[in-house]
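For reference, the chain that follows is the form predicted alone, supplied as structure tokens.
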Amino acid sequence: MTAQASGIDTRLLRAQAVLYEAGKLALSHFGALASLPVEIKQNGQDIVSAADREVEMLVRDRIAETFPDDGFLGEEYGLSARSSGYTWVLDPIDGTSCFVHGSRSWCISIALLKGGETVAGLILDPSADELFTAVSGGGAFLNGRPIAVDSRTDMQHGLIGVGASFRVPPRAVSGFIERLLDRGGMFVRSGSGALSLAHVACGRLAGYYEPHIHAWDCLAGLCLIREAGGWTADFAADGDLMRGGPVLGCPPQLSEDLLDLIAATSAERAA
């Protein structure tokens, strides 16, 4: 085992333990929503709860106890650069709107980067007691069992997850959905991009597309899909994790079809 592999494996084990602790904290807030403080972010459309902030601080603190020289990028408290070359990218609760309304479509997502490359991804769905894990070159797993994308599905028989946000024009989403329906496909929207990507990795969804998403929402899920035998479009290829961008992940046989729908939607908007 190389020193780098040993470092990744050690961090993965620590992250799993931390995620289970964070999941218990999040569930304690989920069970007491009537008393949960919720705020509107400056853009007026995103929301943040006390649960988001507490979960992020717990994960940051626990990781720092063992790996004090690792960097951290979290949705709520931003980037903290360190010297080890490793960076953790965390969404403490992906699907906050679902969370605060009592819907169980939310999760905790964390990716591990080494020199800018995603080398591990973990997504915990506390409500379902499901932990998705992947290490670059080591496969993808759900509660310790290997998972794979659906290699037999097609556009007409699979479900395509679609994400939306205020950061893109409505037509960027509705145009894609219209074309998908015209091709005989069907879409679902769960409210959590990270959890949707994990569901692509285990074959529950045939693909996931969102015109704009943040790094903390998707890096772990994209790692899961690749390690589960799937295909993902380049995300933040220039290394700018703060800007975000479009995300697409699916089994290899669907990549061209989905890219065609996206290109046609983009062409319509540019016309």
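Everything numeric in this text was worked out from a predicted model, so none of it was measured. Sequential numbering from 1, following the sequence displayed.
This protein has a second form, the form predicted in complex with D-MYO-inositol-1-phosphate, left out of what is shown; the following refers to that one.
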{"query": "Options 86 to 94, 136 to 144, 111 to 119, 176 to 184; stretch whose heavy atom lies within 4.5 Å of D-MYO-inositol-1-phosphate in the predicted complex", "finding": "86 to 94"}
{"query": "D-MYO-inositol-1-phosphate contact at R82 in the predicted complex, heavy atom, 4.5 Å", "finding": "no"}
{"query": "Close approach of H212 to D-MYO-inositol-1-phosphate in the predicted complex, 4.5 Å, heavy atom", "finding": "yes"}
{"query": "is_contact(A164, D-MYO-inositol-1-phosphate) in the predicted complex, heavy atom dist at most 4.5 Å", "finding": "yes"}
{"query": "4.5 Å heavy atom contact, G158 and D-MYO-inositol-1-phosphate in the predicted complex", "finding": "no"}
{"query": "Complete contact of E75, G193 and D217 with D-MYO-inositol-1-phosphate in the predicted complex (any heavy atom, 4.5 Å)", "finding": "yes"}
{"query": "Contact set, 98 to 120 vs D-MYO-inositol-1-phosphate in the predicted complex - heavy atom within 4.5 angstroms", "finding": "none"}
